[in-house]
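Take a look at this one chain, the form predicted on its own, written out in C-alpha cells.
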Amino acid sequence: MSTACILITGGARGIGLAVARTVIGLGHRCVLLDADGDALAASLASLGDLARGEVVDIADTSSIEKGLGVAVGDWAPTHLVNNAGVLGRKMGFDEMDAIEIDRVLSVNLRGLLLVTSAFLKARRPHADAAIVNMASIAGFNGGAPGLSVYGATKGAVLALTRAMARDLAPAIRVNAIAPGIIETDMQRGVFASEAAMNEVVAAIPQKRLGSPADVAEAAGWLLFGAPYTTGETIRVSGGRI
C-alpha cells in the first residue's frame, strides 16, 4: 500500500489527535487543521515529523484554502477525517438563539461540506481512498436535553455520509463513526456533576466511558482495512443507543 496522507479536522486534541496517532503509527502522514493554535502547536510537537498542521476556521472557505497550502506534494491528502465539531450551548426549544444555531451549523455541517469540497480538489489519488465523517449517537437519539441542534447536525452527517458514499464511489469510500460518550474536553462540560456522570456510566452496557483511542481504532479500520465497506455508520458507544 502506498503511503497515505490523512487530512484531519479538529486534529489538535481528543478524537482527532487520537486518529492522528493511529495513522502515524501505521506509517502514514497526517495534516491537522484546528482553530486552536496553541493546542495544535503542542500536538504537532508530540507527533513528530509525520505531522503538519495549520490553524483553520473550517466555516471559512478562504481559511480552509490557506490551511491546505501545506498539503502539497507528498503531503497532498489521500484520505479525510471530518472530525471537527462543537456541541453548542444548551437551549430549550422555547429559547432558541439564531446566532448560536448558526454557529453550530457552520462548523458541524457547513464546515464538513466545505472541507470535503476542498479535499476533493487537493487530493492525491490513492488505491484505497476514504473519508470518515465523525457523527454521534446523538444523530440517532436526538442528543442530550438542550443539545437538539447538535443532535440535528449529527443526524444530517449520517445522511450526508450515505449521499457522499453514493456520489464519490467507486473512487472514494465514505463511512461514518457514531461515538457515544467519549472522555474528551468537549464531553466533560455536558455533565452537571460527577454523580450525574456516574449515573450515565452505570447505564452503559460496557460500564465505562469511551476513550478517544477507542474511536481512533475504528477510524483506522474504516480508513485502511475496510475495502468493501462504504455508506455505513459504526457506533462506538459501549452499547449505548
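All residue numbers are counted from 1 along the displayed sequence. Only a predicted model underlies this, so the values are computations on that prediction, with no experimental measurement involved.
Here the subject shifts to the form predicted together with a small molecule, a form of this protein not shown in this document.
Partner proximity in the predicted bound form, defined as non-hydrogen atoms within 4.5 angstroms of the small molecule, places exactly one of 23-31, 65-73, 174-182, 198-206 at the interface: 174-182. None of the heavy atoms of Ala51 is located within 4.5 Å of the small molecule in the predicted bound form. The closest heavy atom approach of Asp36 to the small molecule in the predicted bound form falls within 4.5 Å.
The closest heavy atom approach of Leu44 to the small molecule in the predicted bound form falls outside 4.5 Å. For Ile15, a non-hydrogen atom is located within 4.5 Å of the small molecule in the predicted bound form, even though that partner is not displayed. This chain is displayed alone, yet in the predicted bound form one of Met91, Val107, Leu160, Ile101 has a heavy atom within 4.5 Å of the small molecule; that residue is Val107.
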